[in-house]
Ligand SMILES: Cc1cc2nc3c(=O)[nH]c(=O)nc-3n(C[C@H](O)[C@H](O)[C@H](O)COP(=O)(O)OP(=O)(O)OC[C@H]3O[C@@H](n4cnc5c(N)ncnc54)[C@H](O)[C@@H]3O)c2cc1C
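Read the single chain below, which is given as structure tokens and is the form predicted alone.
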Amino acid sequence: MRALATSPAIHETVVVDRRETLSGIVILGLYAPEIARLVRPGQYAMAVPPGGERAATALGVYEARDERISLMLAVVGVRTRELANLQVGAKLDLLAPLGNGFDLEALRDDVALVAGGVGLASMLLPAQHLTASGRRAHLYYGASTAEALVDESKFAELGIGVSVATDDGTRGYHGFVTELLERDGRAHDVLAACGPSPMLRAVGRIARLRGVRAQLALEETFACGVGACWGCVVAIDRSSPQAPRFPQASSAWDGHADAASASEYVYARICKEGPVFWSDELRW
């Protein structure tokens, strides 16, 4: 995965529209012309709560067109509730764009896009890029219940097929979206996914069994978002182009790895070297 030559900065944005679904998923449309110009599919922003009393929250950039971007968030706590309560006209500071994003050149002719919950936010920009370049894609989209499935029409309008799964069976396949992907008979050249870690691990396993590669956008709670604190790490092959060269990796993380195994992998920062990694290079 190639690193992107972007320089994040603090951008003062303004809420221009707001949507909230019955399931507590909020989509904030923001006037942010510079971010809209710079952002790449799979990159994210750190949203600074206006009150300044809570830590910033990492959110994938969902839409980016002309002078508007949008962020999708699920209300799960006080930080997301503060952001979700913002109304049209409110100001919101964003540190963006952050992370490497998807390697679009490596997404081949037929791509399976796999989204779990608000992981959908990282799938729309890649889908738009794929269809604009004449490639095929199919979205596998999972959520807890039917009302938590949002904006399928945006993908259908691109000519992308959509298959859905719900944990409670209220819509589509009854079960996990990875089970749906596994049962589906379509042969895809590569997989691209964003969602909870168990889902991403399953996508990586499916890719390995099918003999294809998968790009995974890892979800994590970031303390800083710029790689300074080393609080969001994942083990990765030392030979990976995304492996950081400093500081030296240590096997002390798991407390029992020997020196030989330590030479095989390092810890990459999800916020900095990622959040998108090739699944076959991760040491989960």
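The first residue of the sequence shown is number 1, and the count goes up from there. Because the structure is a prediction, the values reported are computed rather than measured.
Form predicted together with this ligand: not shown, discussed below.
A residue is said to contact a partner when one of its heavy atoms sits within 4.5 Å of a partner heavy atom; residue 79 meets this definition for this ligand in the predicted complex.
Though the partner is left out of this view, residue 72 does reach within 4.5 Å of this ligand in the predicted complex, counting heavy atoms only. Interface residue remark: residue 113 is not counted as part of the site for this ligand in the predicted complex, having no heavy atom within 4.5 Å. Put simply, residue 219 is close to this ligand in the predicted complex: some heavy atom of it is within 4.5 Å. Residue heavy atoms within 4.5 Å of this ligand in the predicted complex occur in exactly one stretch of 141-149, 118-126, 181-189, 157-165, and that stretch is 118-126. Between this ligand and the residues 27, 58, 64, 236, the one pair within 4.5 Å by heavy atoms in the predicted complex involves 58. If you take 138-157 and check each residue for a heavy atom within 4.5 Å of this ligand in the predicted complex, you get nothing at all.
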